[in-house]
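Given next, in structure tokens, is a single chain: the form predicted on its own.
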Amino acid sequence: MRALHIRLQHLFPLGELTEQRPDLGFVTVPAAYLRPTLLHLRDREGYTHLVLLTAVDWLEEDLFQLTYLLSNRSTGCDIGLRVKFPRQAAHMESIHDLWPTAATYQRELREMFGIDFPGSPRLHEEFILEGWNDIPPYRRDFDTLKYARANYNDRPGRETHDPEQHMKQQLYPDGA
């Protein structure tokens, strides 16, 4: 994994390598270098399989992070490329032309996080949340409790526990 990172650093301005295991590492890539890095990994390094594309909402930093996980099946190694960008500019270049399966991930991320991927097929068709008219539910500023109270009735006999206190009582019933 380190040898791959060194080769890539000679070509692209990448962040440090974080190795999770000898066969899995993550590196941060500036958004402008995402596509060339993906193409290089696919065409020159054998990372031909897009395993997944996922997002994280770093609300406190006012950023979104996309992670593109690629696999080299012949070596059994995976590499994740992380790209951070401002929440206000919630769009990223589509890669459906590189891996057609990316279109499905991109549809989900647009619907659940509000991240746009211009040019991606069927991006603005309802996908998971039919009839949804609130902010995307995976954004950290989405108030799940407020939404539930506004849209669902309380069921009689149902108890709600403060998670922190409930877990303390479950783990330490004697108050230790």
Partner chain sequence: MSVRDVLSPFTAWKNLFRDPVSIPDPLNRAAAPRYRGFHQNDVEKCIGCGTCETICQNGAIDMVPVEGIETKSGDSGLRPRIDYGRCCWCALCVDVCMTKSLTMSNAYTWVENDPDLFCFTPGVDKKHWDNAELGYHCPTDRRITGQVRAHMRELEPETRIDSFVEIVQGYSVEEAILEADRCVACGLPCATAITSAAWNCSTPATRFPASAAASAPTSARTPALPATKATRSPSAG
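Numbering follows the first chain given and starts at 1. Throughout, rigid core stands for the largest set of C-alpha atoms superposing within 1.5 Å between the two forms. Everything numeric in this text was worked out from a predicted model, so none of it was measured.
This protein has a second form, the form predicted together with the partner chain, left out of what is shown; the following refers to that one.
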4.5 Å heavy atom contact, Leu171 to the partner chain in the predicted complex: yes
Residue contact check: Met167 to the partner chain in the predicted complex, 4.5 Å heavy atom: yes
4.5 angstroms heavy atom contact with the partner chain in the predicted complex for Ala32: no
His10, heavy atom within 4.5 angstroms of the partner chain in the predicted complex: no
Any residue of 152-166 that, in the predicted complex, places a heavy atom within 4.5 Å of the partner chain: Asp154, Arg155, Gly157, Arg158, Glu159, Thr160, His161, Asp162, Pro163, Glu164, His166
Did Leu11 shift 2 Å or more between this form and the one not shown, C-alpha, core superposed: no
